[in-house]
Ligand code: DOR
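Below you'll find only one chain, the form predicted on its own, shown as structure tokens.
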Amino acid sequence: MRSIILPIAEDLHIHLRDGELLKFVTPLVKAGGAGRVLVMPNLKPYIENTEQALNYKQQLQLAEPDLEYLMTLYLNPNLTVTEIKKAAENGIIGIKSYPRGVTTNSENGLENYEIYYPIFAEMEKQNLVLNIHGEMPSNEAQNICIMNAEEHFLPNLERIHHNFPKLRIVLEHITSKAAVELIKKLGSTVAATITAHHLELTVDDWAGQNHNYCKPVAKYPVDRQALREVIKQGNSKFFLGSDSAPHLKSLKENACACAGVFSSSHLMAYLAEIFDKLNCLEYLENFSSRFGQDFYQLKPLNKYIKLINESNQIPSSFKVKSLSDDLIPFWAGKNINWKVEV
């Protein structure tokens, strides 16, 4: 039996919801092998200011005290330069940008980046990170749909980086060969997160299979191969952000399924399985911990997990008794060859 000791993971893109679902899913993050998480702000109502972010952080700490939470604000018209300064003073790490209508709770997302240039300038000054969901809204006239929405977005990333070369930017949960190539080309202040599920899925795996449906959607085999290849190259501009996005079974198994894959409960086991299959386990530590730490300028947590190479059956579901519903994890019911010991 093989085992590997690794630093506890840095999950630098996660959704932890609110209310009863928050109380249920947050403790599972630690069991999945993560010790520090970058928390997304797209709740209802969204997290738009420092006070709301700190209040949300308190709720998370009550649910699971043994995690470190890095907080973000939702880029919105009410955000001011003064609020950016306040956010930085209070330990807020990043500002999350959602184009309007492209994913869960993005109805208040933006349509024009240039109006936020004063905000970006202050973020650059305060050393905050711009976290971007990089898709364009569907537009029939421009031939934009979910399969090419990420690629159509990329010129926006280039323009922002050109105008603010010192602003640290993360293009979140990338899914396309075009995104990989652009991130590699841009300067050292631009990086990208990659999810476990996007290293495994293609369009065939989510079309008609609601629990694999997320935004941005998994693309073609050539795109998945590009993600896998850049991981195997050990490129430090690409690191872990699970985009674990829990939705109750009743919201996934219907004619208009919510977008999101729930992966945090077994995150490092999934990654060990995938990296082992790709014959690149030696790169897992950097991908899941070191590269993200370095880009976000974080101190090491000095906590470790053990990955054990033995049979592990993923639960078919989690019973969320307080909500009288189930939560379906990624690879539900599947036998994999790795498990996490925290």
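Don't overthink the numbering: it's just position in the shown sequence, from 1. Every value quoted in this text rests on a predicted model; they were computed, and no experiment measured them.
Beyond the structure shown, there is the form predicted in complex with the named molecule, which is absent from this document and is the topic of what follows.
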item: Triple contact flag 168, 235 and 295 to the named molecule in the predicted complex, non-hydrogen atom at 4.5 angstroms; value: no
item: Listed residue (259, 157, 121, 146) with a non-hydrogen atom within 4.5 angstroms of the named molecule in the predicted complex; value: 259
item: Residue among 93, 130, 179, 245 with a heavy atom within 4.5 Å of the named molecule in the predicted complex; value: 245
item: Contact stretch among 184 to 192, 77 to 85, 226 to 234, 212 to 220 - heavy atom within 4.5 Å of the named molecule in the predicted complex; value: 212 to 220
item: Partner contact for residue 17 in the predicted complex: the named molecule, 4.5 angstroms, heavy atom; value: yes
item: Close approach of residue 42 to the named molecule in the predicted complex, 4.5 Å, heavy atom; value: yes
item: 4.5 Å heavy atom contact, residue 153 and the named molecule in the predicted complex; value: no
item: 4.5 angstroms heavy atom contact with the named molecule in the predicted complex for residue 98; value: yes
